[in-house]
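Only one chain is shown below, in structure tokens, and it's the form predicted on its own.
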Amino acid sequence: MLINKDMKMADVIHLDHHLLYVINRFNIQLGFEDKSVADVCAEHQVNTSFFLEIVNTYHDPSYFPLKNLKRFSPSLLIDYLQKTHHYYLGIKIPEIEQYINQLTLNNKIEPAHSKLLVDFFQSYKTELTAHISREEQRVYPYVKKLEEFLSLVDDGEVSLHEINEYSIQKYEEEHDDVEAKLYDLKNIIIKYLPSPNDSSLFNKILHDLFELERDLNNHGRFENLILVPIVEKMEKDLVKKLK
């Protein structure tokens, strides 16, 4: 069942509570009353069509409308991707870190096993932070600059060397797979740590890791299958106009 603009936003949460954090990324918070998706989006000045494509992609793994998503502006997609970055580093990673710290502080596992888990998680956190920082500092500003250039090109204010310093192809070449190490982290807990007397904290950590992995997979699909082709086309369009 796909979500549509006429559904009540409250019913969307009842249908799939995992979407709550996705909806929050549009600066939409709880307190929907009986308003429809379209009404809530209009109230928060959110593009309803873009909102629906995003939430349906998260709701149904088989739903990924390449053609529909490619028609939205790069700035709109980047704004959403940046909000997912804030969710990862500002909410989800600290939550997982807090659970891991509880294991250590409460002596739920042996010190050696605790150190293994903490060290591996900190290594992953560092890798994810570096990955996000690279996108925030290099890729997204480049895309926005490219979009700006396309709007200014008729005024003769752009030259090719200004975009030759970086290209989306370079991003593809250096784009690392942050999901692979996450899989290894899950396996440490599932396969290699001794069975604890109380599995509740382990279960919470695993649940959050699986949620993060699912989110990261969608994030990567948006970047690789939507953002990259859009930017490649923008680069070609700009080169043609300049020539």
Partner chain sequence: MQRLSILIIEQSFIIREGIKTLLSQMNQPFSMEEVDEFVIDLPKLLRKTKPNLVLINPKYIGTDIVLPRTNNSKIIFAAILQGEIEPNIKSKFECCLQIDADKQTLSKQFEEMIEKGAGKKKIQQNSTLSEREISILKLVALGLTNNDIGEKLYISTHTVMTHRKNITRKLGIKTVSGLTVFAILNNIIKAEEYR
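Keep in mind that this is a model prediction, so the values were computed, not measured. Residue numbers count along the first chain shown, from 1.
Note that the form predicted together with the partner chain isn't included here; everything after this is about it.
Heavy atoms of A180 reach within 4.5 Å of the partner chain in the model of the complex, making it an interface residue.
Though the partner is left out of this view, D184 does reach within 4.5 Å of the partner chain in the model of the complex, counting heavy atoms only.
The closest non-hydrogen atom of H85 lies beyond 4.5 Å of the partner chain in the model of the complex. Contact check for H113: a heavy atom falls within 4.5 Å of the partner chain in the model of the complex. Only one of 115-123, 142-150, 129-137, 85-93 lies within 4.5 Å of the partner chain in the model of the complex by heavy atoms, and it is 115-123.
For the residues L193, L206, L52, L69, the 4.5 Å heavy atom test against the partner chain in the model of the complex is passed only by L193. Residues in 82-97 all lack a heavy atom within 4.5 Å of the partner chain in the model of the complex.
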